[in-house]
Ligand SMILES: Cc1cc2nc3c(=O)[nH]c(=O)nc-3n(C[C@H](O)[C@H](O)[C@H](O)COP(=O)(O)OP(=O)(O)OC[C@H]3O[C@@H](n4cnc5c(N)ncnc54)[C@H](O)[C@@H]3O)c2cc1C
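Just one chain is shown here, as structure tokens, and it is the form predicted on its own.
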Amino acid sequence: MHLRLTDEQKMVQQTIRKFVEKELMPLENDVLRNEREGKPSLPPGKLKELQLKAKEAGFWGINTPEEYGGANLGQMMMAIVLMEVAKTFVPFSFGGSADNILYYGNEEQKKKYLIPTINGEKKSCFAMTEPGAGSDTRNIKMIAVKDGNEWVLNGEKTFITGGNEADFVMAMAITDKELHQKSRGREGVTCFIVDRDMGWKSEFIHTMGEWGPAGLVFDDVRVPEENILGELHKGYNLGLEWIGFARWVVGARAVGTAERLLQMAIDYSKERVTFGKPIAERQAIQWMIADSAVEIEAAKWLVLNAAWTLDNGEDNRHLASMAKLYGANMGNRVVDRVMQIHGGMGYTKELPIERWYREARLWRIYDGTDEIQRMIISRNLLKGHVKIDQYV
């Protein structure tokens, strides 16, 4: 068992860490100010500028296949990168990538959607969640009816990440009601690539966090037959693949954020003096720091194991659920402790802790709630799909 990063992985980690510290962290005060004033977190064009700087350092299409100009570093490396980027709340993602399910497109779809997305010329979003279908993804209601060489889509999607900025959406809709009902939602659903100019509309959803998901409305939106992604009536499996990949990613982000927060708590505890002593000498503070460190380390190995398993061609869905469940809850506990250590100052908007506090609460909800992850994990064990010691 190799429980240490390779020299190459360490080099990538340190390079990304320097990029985050030099290019992203200095923008944090600007981001906070913009968000409080109701402006975009980053000015238009700033993200692209940062992505190009990262490209100059050799980071473009980190997980994109080499045939599409990417580095194809693998999931393990992706986890390491995500942990480093998550140490800042500046909204940044490396350029040169596209949603994993877009690679299932045919050659024409790849030319029209995949390549432009990788090149940063188009933005996409994925839409499965509906007002009445969140955790219960098989309960979607959006309908697509065939009309000649087109499909007519009607329905709503909600809480769609990137939906306000997207040029096109990969939307799930029922194309065979009878098959959908008979299969209990697993079939009869098709994934459509729908350009914004085909008629769907988006509206900003205000949340307790700073991110801005969208509500999408489809009112007799006509989509050509050639815009079906994957197989007709088989779109649900594509949706599960998209969601499954995203789950362990949540855990990775939680680890990176928690590490930054814990360091803030350690530094502050040495400076803050009460009753003649730094609070770092108080047992209550020491235990909060110790508990946080242990939980971060545990979450980190869950995430890395999930990524390593995927890199080795194994089914990582069980591990992904565990990494998501534990990582998200760990992140919430750590940010709560860090706020407690900072006392009243931690509760103010002068420090970014309160922002992370609000952001972290989302981790336990999107891409599968805590309850859904527990259901998946327990079901796998009770039905014998996974053995307790399977991944040792």
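Because the structure is predicted, anything quoted here is derived from the model rather than measured. Counting begins at 1, following the sequence as shown.
Keep in mind the form predicted together with the named molecule is missing from the figure; the text below concerns it.
Every residue in the set Ser135, Ile160 and Tyr366 has a non-hydrogen atom no more than 4.5 Å from the named molecule in the model of the complex.
Interface membership of Ala254, defined by any non-hydrogen atom within 4.5 Å of the named molecule in the model of the complex, is ruled out. The closest non-hydrogen atom of Ala306 lies beyond 4.5 Å of the named molecule in the model of the complex. Of the heavy atoms in Phe126, some are within 4.5 Å of the named molecule in the model of the complex.
Contact between Ile376 and the named molecule in the model of the complex is not found at the 4.5 Å heavy atom cutoff. With the partner omitted here, the residue from Leu47, Leu32, Leu351, Leu362 that has a non-hydrogen atom within 4.5 angstroms of the named molecule in the model of the complex is Leu362.
None of Gly188, Gly105, Gly95, Pro213 but one reaches within 4.5 angstroms of the named molecule in the model of the complex through a heavy atom, and that residue is Pro213. Partner contact region in the model of the complex: 152-160, out of 152-160, 289-297, 87-95, 191-199, criterion any non-hydrogen atom within 4.5 Å of the named molecule.
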